[in-house]
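Structure 1 and structure 2 below are the same protein chain in two forms, each given by itself as structure tokens.
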Structure 1
């Protein structure tokens, strides 16, 4: 897998692999190769998402009215 591959490229390829496997028109050997490629792409996408999540910060106001940033915990306040 190319180190220059973007998340979007990997996701697009995953969609293509899913379509090929769901169609059932590829041989068993090709299905295995596609499955293995898909697993690598999933790992790649997950690592990029984890990196992005670490970079996201939440902007909030303190009780005094000042703005502060905090690491995002993955929860959305309502």
Structure 2
């Protein structure tokens, strides 16, 4: 697993693994590898789902025309 894997990458790979396992054309050894990879990906996705809330950022232009992000101080009434 690459360290920059996104949730979407992981999910797509899970779908692929399901497809490969379903087709049953891979060797048993490969199947077991796919199974293990799949379980790791599920774990990864689950952990991503449980991530803590992130601060809302604000994108704005500096007077020089550059872009910068800051924590957004705005109030959000729930």
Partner chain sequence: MDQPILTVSQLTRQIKELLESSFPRLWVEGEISNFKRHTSGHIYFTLKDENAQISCALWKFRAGRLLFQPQNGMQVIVEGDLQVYERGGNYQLIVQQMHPAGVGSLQMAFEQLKKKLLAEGLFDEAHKKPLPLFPERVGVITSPTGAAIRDIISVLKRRFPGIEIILYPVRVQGEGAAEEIAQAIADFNRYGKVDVLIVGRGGGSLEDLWAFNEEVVARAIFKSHIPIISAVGHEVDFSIADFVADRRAPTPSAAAELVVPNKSEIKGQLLYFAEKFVTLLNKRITNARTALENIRTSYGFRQPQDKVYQYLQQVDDLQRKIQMILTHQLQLKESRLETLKKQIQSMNPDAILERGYSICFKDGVVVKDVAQIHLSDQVQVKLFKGGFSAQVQQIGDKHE
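Residue numbers count along the first chain shown, from 1. Note that the rigid core is defined as the largest set of C-alphas that superpose within 1.5 Å between two forms. What you are looking at is a predicted structure, and each value in this text was computed from that prediction instead of being measured.
Trainee: Deciding between structure 1 and structure 2, tell me which is the form predicted alone.
Mentor: Looking at both copies of the chain, structure 1 is the one that matches the description.
Trainee: Quick check on residue 63: with the core superposed, does its CA move 2 angstroms or more between structure 1 and structure 2?
Mentor: For residue 63, whose C-alpha is compared between structure 1 and structure 2 after core superposition, the shift is 2 Å or more.
Trainee: Rigid core fitted, then: does residue 52 show a CA shift of 2 angstroms or greater between structure 1 and structure 2?
Mentor: Yes, its C-alpha moves 2 Å or more.
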